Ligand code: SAH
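In structure tokens, one chain follows: the form predicted alone.
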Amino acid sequence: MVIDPKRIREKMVREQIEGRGIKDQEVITAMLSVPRHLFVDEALQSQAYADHPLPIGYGQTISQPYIVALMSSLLDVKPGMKVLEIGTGSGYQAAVLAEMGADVFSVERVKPLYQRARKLFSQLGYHYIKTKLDDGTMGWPQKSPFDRILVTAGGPDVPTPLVDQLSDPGILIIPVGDSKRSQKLIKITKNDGSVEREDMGSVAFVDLVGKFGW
């Protein structure tokens, strides 16, 4: 069990987030607020704020805190924006985005994780996070377009439906790579009808499974 989670959370943000150059105050405030230890199994709660990912079952993980902060910062979320998250997983990333003021829509393909996240969102008061059990590579067309899209799993390329569902202007962040568990973090920017692609560095995510994934 985590001892004094608030103090440990502050240390995590100071050392792992701010210490590595994340300056987005909305991200910092959100990660100080979200009780990360509640998004992992009780047996792993003592490691919840450590500088590495943790297993959450079904071959999935909760991402390293710095990666959550980096991706959230790259999204450049403003309060009131519609954000689509592909890969609800533990629910932690969605909670961070919600704390940043986003209107969050999150898609998960693994039913037990979907059910667990929905229950946790309700318990923690995140009633406004919308969730869906489906193939995330197809996006959520009924709710599109989205100001921002965040994909928390790595695929062979950027799924076409996600680009189509991105607003103009809009930003999409996704890990992409030829080999599983080893990708480049790609930032897609749509502006005035043009789509630009930028490599933001190497990452390692679980597989993006679906029609437009592995």
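Quick caveat: nothing in here was measured; it's all calculated off a predicted structure. Residue numbers here begin at 1 and follow the sequence given.
One more form of this protein, predicted together with the named molecule, exists but is not displayed; see below.
Engineer: Please run the contact check for A98 against the named molecule in the predicted bound form: heavy atoms, 4.5 angstroms, yes or no?
Structural biologist: Answer no; every heavy atom of A98 is more than 4.5 Å from the named molecule in the predicted bound form.
Engineer: Determine whether any heavy atom of L172 comes within 4.5 Å of a heavy atom of the named molecule in the predicted bound form, and answer yes or no.
Structural biologist: Answer no; every heavy atom of L172 is more than 4.5 Å from the named molecule in the predicted bound form.
Engineer: Taking heavy atoms only, is D135 within 4.5 angstroms of the named molecule in the predicted bound form?
Structural biologist: Answer yes; at least one heavy atom of D135 falls within 4.5 Å of the named molecule in the predicted bound form.
Engineer: With a 4.5 Å heavy atom cut-off, would you call Y92 a contact of the named molecule in the predicted bound form?
Structural biologist: Yes, Y92 sits close enough to the named molecule in the predicted bound form that at least one of its heavy atoms falls within 4.5 Å.
Engineer: Considering M81, L120, L74, V110, which brings a non-hydrogen atom within 4.5 Å of the named molecule in the predicted bound form?
Structural biologist: The residue in contact is V110.
Engineer: Counting any heavy atom within 4.5 Å as contact, can you tell me which stretch out of 185-193, 151-159, 24-32, 42-50 lines the named molecule in the predicted bound form?
Structural biologist: Stretch with heavy atoms near the partner: 151-159.
Engineer: Can you list, in sequence order, the residues from 60-97 that come within 4.5 Å of the named molecule in the predicted bound form, counting heavy atoms only?
Structural biologist: Those in contact are Q60, T61, I62, S63, E85, I86, G87, T88, G89, S90, G91, Y92, Q93.
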